[in-house]
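Let's start with one chain on its own, the form predicted on its own, as structure tokens.
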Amino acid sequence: MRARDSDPVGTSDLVDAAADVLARLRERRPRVHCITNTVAQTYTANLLLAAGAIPSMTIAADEVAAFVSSADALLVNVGTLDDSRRAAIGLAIDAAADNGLPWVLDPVFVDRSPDRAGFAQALLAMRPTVVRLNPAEFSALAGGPPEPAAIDRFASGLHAVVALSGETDQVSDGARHAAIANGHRWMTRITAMGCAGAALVAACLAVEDDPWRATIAAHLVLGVAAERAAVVSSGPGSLATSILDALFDLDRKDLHERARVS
């Protein structure tokens, strides 16, 4: 793990920080407004509730700005990019900017559609706090493979945290880079898991001023919850439900025993 000379940080520090973030989530119950795709809404809402946050989901043009203005963080997911969501996204980001709120961009499937990739590039110019994406989406937006140095450059150029999901998640703000190896292989067989994970990042941003630490906390908490859940699950279906239970019950001891951060 690389860190700024002025901000030395160790694995135990990051695990403690993640536990503190989870505790603040449960205490403060931040509101997270999610503009997300239709297949992800229910699971995303349930995961946020299990973590301690309060979700909202409207994309109605006449009220989305009001919902964002009364929220603590915003998720913008472009998974089902219909006309209503395109309009709501601009209104929501403007409201977040006006109120100084952190927001997360989840550029789902930008590798599959040039129009979507162009829309996402325009959103990157609107200064998201965190960009959470997979390797294919990274290559489509950054123009190259997701090597650690490329992730750092992309984050530095955006002045944002970049979180790359995969077998090992990578989180960089351009100067600090961490890898989180927690999780379970069945997570890739559950629809909305990545979308819900991005919403959890937004929730953590609402209670943690350092976006890099908040993003690490979200990935670590979800990964450890999935590992705990897998013990009592027989496949992806039961894992999806068990993750909610494990997340609801997760504690500092679980994080320290299972964390694999480097």
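Predicted, not measured: the structure shown is a model, and the values here were computed from it. Residue numbers run from 1 along the displayed sequence.
Unshown form predicted together with another copy of the chain; subsequent notes refer to it.
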| query | finding |
| --- | --- |
| Non-hydrogen atom within 4.5 Å of another copy of the chain in the predicted bound form for each of Asp20, Gly90 and Gly166 | no |
| Residue stretch of 144-152, 183-191, 168-176, 120-128 approaching another copy of the chain in the predicted bound form, non-hydrogen atom distance within 4.5 Å | 183-191 |
| Heavy atom of Asp62 within 4.5 Å of another copy of the chain in the predicted bound form | yes |
| Contact of Leu250 with another copy of the chain in the predicted bound form (heavy atom, 4.5 Å) | no |
| Contact test in the predicted bound form: Met57 vs another copy of the chain, heavy atoms, 4.5 Å | yes |
| Distance check, Thr241 to another copy of the chain in the predicted bound form, heavy atom within 4.5 Å | yes |
| Contact residue in the predicted bound form, from Asn99, Thr80, Ser139, Ser156 (heavy atom within 4.5 Å of another copy of the chain) | Thr80 |
| Contact set, 19-46 vs another copy of the chain in the predicted bound form - heavy atom within 4.5 angstroms | Arg29, Arg31, Thr38, Val39, Gln41, Thr42, Ala45, Asn46 |
